[in-house]
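Consider the single chain below, provided in structure tokens and representing the form predicted on its own.
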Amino acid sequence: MLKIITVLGARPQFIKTCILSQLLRFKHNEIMIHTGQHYDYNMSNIFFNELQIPKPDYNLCIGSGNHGFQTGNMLIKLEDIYLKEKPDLIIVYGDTNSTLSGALCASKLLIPVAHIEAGLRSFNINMPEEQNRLLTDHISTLLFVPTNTAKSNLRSEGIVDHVYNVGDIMFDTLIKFKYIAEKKSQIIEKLNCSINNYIVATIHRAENTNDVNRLKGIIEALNECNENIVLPLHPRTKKCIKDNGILVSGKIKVIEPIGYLDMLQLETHCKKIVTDSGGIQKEAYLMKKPCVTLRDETEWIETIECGWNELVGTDKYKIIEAIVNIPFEKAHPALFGDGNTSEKIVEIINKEERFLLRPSF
């Protein structure tokens, strides 16, 4: 039996850990650390409640702040916990400051790291997420990639050992909770949405919210595209819109951030998705919904290549054109595995158990 510490801190990571955590605990001792990177109820607690994720053993309560503040404070607090708990393995997910801090602290203490969703590249090194991915991959021991493209990315950087293509872990959660959402969520009725007659939009990337011209281009496109739009608004985006006096059309239903079940339900019954989120690009593909991505590049290049996703940046006219013209019917290959990613990860960790066990601290 291994003692495993899982480090989480942001909404997508809560979704990714849901099923894997349950499976790990059948054989191993899992300790969960919540860094507090996302701390608002609608960005954190609601996911633990809806997805029945075990209550974290530690909450670092880091909160908002610049990258140096977040990462540095996480490192200090994580080191104390790692030294106290003496884990055999650290699990991190994705590309946030919590991901990098969890992995870097482990690497300094010579604790093996498993990176779930390894190998993704947007090839824009100016993105904090890209920096976090690169650094985490190069100090990880086990690398669980979601696609062949991700595996090729690692190979091109000289990372070939202990790399496993297990599919995408978010697919596991989506399969399980899509039908639960259909039974429990009342969001469609609450918002008075007509099935297949609205668009779901999300905006939260710092590159879009920190640049008033980019944010203005996005909002103007949504205002002018003549579509019914539901916009769950990230707190940072809401503040940027207010601070810069950007007008939002009354046709856009601006709502507070919502839980996973409500978001699944909105995605299930919309006609298209407009987003700058990596995770929601994936969910759009898995839901067979055309996606318009408000970025200049994406780590999910496969969705672009098969025609279900279109990169438009933040040019108002390109966004409107894509929303109006992106077609529906296309081939839909199984890009992200079979929905059993969590089981595959546990099998590999079990297989690698002897390799992971180390002398005591």
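All residue numbers are counted from 1 along the displayed sequence. Please read these numbers as outputs of a predicted model, since none were measured by experiment.
The same protein has a further form, the form predicted together with a small molecule, not shown here; the description that follows concerns it.
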Listed residue that, although the small molecule is not shown, lies within 4.5 Å of it in the model of the complex (heavy atoms), from His138, Lys271, Lys77, His204: His204
Looking at Leu134, Ile252, Ile258, Ile188 here, can you tell me which has any non-hydrogen atom within 4.5 angstroms of the small molecule in the model of the complex? Ile258
Per contact check vs the small molecule in the model of the complex (non-hydrogen atom within 4.5 angstroms), the hit among 148 to 156, 118 to 126, 260 to 268, 178 to 186 is 260 to 268
Would all three of Ile15, Pro232 and Glu283 be in contact with the small molecule in the model of the complex, where contact means some heavy atom lies within 4.5 Å? yes
Check Gly278 for me: does it contact the small molecule in the model of the complex (non-hydrogen atoms, 4.5 angstroms)? yes
Phe336 within 4.5 Å of the small molecule in the model of the complex, heavy atoms: no
Are any of the heavy atoms in Met170 no more than 4.5 Å from a heavy atom of the small molecule in the model of the complex? yes
Evaluate Phe47 for contact with the small molecule in the model of the complex, applying a 4.5 angstroms cut-off between non-hydrogen atoms, and reply yes or no. yes
